[in-house]
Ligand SMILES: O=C(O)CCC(=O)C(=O)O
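Form predicted alone, single chain, as structure tokens, below.
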């Protein structure tokens, strides 16, 4: 039996799976009422994830946004979504260039409706300024907002990863499964050597033979419906899998993890392969400026990122 969750967001009684060769799985806490004081005290301040059930149901975005809505309002807007996506829990093993394709939003929505596994991912909402009044992250407690992004897709899977700042994720249309893992389990999640924020682990069907340390991980499972808000504290690993048609808004806000925080995370991971890739990419993609092939949903490598941070610091210091 798995632990249950009370309406106040606290864990109830329960036991763990009998098979100790598999990872522990517990449900994500749920707050069924918008108790903002409790949210801040028990989740935001101690950096613990929680689902705020129905906290955004009053938003115009939740009431009116659908793929058809975007296809009508922005039919001829050019985008570069990911299409013909692989059916996998770990998309990072694939190359971004093999799935990116230019098209209009109207064409993309047609592709969604045809059953294609596709994703218009991480689109900055500054590109849709006329929609800003349809949502309000400030009322959810977001302060010092860095960016608000739009995610529209069909049967998508993000893969397990973590971000550098707090995230309020709002499910607008369709549903999503969410799996979160504490930063304390980072050493058991087999990050890619060239990018320590992306994991090689399958959340729903972990391969214990390939990744034996995963059996020590505690997975927190949740399910998001339209109007639900998921608080993802910075540094927490998360995996998101959508229904056949899904629209999501994310808001990254607050104090960002520092390069020193990232250094400490890499040290805790205890994997020499990360340090080897770090030095290689710092020299190859940073110093020598050799081109890089990005992973699907990926970004620059850890080594290249370190090079860019160092050069930015040196340029600032020389002023």
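Numbering follows the first chain given and starts at 1. If you're wondering where the values come from, they're calculated on a predicted model, not measured in any experiment.
Beyond the structure shown, there is the form predicted together with this ligand, which is absent from this document and is the topic of what follows.
Peer 1: Tell me, out of 211, 161, 173, 117, which residue has a non-hydrogen atom within 4.5 angstroms of this ligand in the model of the complex.
Peer 2: If I apply the 4.5 Å criterion carefully, the residue I get is 161.
Peer 1: Let me know the one among 109, 217, 201, 240 whose heavy atoms come within 4.5 Å of this ligand in the model of the complex, would you?
Peer 2: Selected option: 240.
Peer 1: Would residue 195 count as touching this ligand in the model of the complex under a 4.5 Å heavy atom rule?
Peer 2: No, no contact at 4.5 Å.
Peer 1: Residue 105 near this ligand in the model of the complex, any heavy atom under 4.5 Å?
Peer 2: Heavy-atom contact with this ligand at 4.5 Å: absent for residue 105.
Peer 1: Does residue 252 reach this ligand in the model of the complex if we count a contact as any heavy atom within 4.5 Å?
Peer 2: Yes - in the model of the complex, heavy atoms of residue 252 and this ligand come within 4.5 Å of each other.
Peer 1: So in the model of the complex, does residue 178 come within 4.5 Å of this ligand, heavy atom to heavy atom?
Peer 2: Result no; residue 178 lies far from this ligand in the model of the complex.
Peer 1: Within 4.5 Å, heavy atoms only, one stretch in 74-82, 153-161, 178-186, 128-136 touches this ligand in the model of the complex. Which?
Peer 2: Going through the listed ranges, the match is 153-161.
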